[in-house]
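Have a look below at one chain only, the form predicted on its own, in structure tokens format.
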């Protein structure tokens, strides 16, 4: 985290555009059949266990095998590659973008990712906290734990092999945890967000200000 945090710049950016833009790409090669139009409102999965699929976005067919792709988030289709309708596309091709309106909690999480020191996953793998760290988290919470460079804090599970991961960032408290134990994390994705103890009041200032200014973000969401 930088020594100075430009609160005004951060808040101005979120006020002017309180959205996340989610690109949806072809997971593999195939022929595309689009099922939405630009400007359509799409829904995320719903139900108690998200068992009801989101809005059907497109279908992609390869070797006579058709796979439907549904929205994973709610929002509005802000971009659609309409010229690709019926065309054969390569894996990774951007087909559409969903403009997702951010809730207050999501805005706070987004800002925190900008100002905390993020410790990334070294490989695509499953991760767990080291046993002593996990025990302390269960007793007092992650924000009670101070870590320093060289501390063994996380275990990486890859190809049935567990490897200790040593912290290499700035000393501080574990403020945010971005992984779920045993769930695969992409290489480079943040595992934890760390805040130096003297800057904890600044983080609280961010959260308090977002909550106080929430109406200015133009959303009726309250959580």
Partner chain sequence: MTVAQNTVTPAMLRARIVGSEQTPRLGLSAADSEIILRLGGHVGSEIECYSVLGRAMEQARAHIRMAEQAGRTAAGGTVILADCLAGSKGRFTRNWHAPIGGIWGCLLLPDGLLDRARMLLPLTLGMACCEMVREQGISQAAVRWVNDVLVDGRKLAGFLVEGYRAPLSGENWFLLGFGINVNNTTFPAELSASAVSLSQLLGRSLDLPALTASFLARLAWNIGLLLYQEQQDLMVLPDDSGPACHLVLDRWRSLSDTLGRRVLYGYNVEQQPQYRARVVDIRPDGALVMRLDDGHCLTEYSGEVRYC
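Source: prediction; values computed, not measured. Residue numbers count along the first chain shown, from 1.
Below, we turn to the form predicted together with its partner chain, even though it does not appear here.
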Do heavy atoms from each of 9, 38 and 94 fall within 4.5 Å of its partner chain in the model of the complex? no
With the partner left out here, check for me: in the model of the complex, does some heavy atom of residue 104 sit within 4.5 Å of its partner chain? no
Considering only heavy atoms, tell me if residue 62 and its partner chain come within 4.5 Å of each other in the model of the complex. yes
For residue 158, is any heavy atom within 4.5 Å of its partner chain in the model of the complex, or not? yes
Residue 197, heavy atom within 4.5 angstroms of its partner chain in the model of the complex: no
Pick from 124, 113, 148, 143: which has a non-hydrogen atom within 4.5 Å of its partner chain in the model of the complex? 124
Scan 31, 28, 170, 56 and let me know which has any heavy atom within 4.5 Å of its partner chain in the model of the complex. 28
Across 37 to 73, which residues bring a heavy atom to within 4.5 Å of its partner chain in the model of the complex? 49, 50, 51, 52, 53, 62
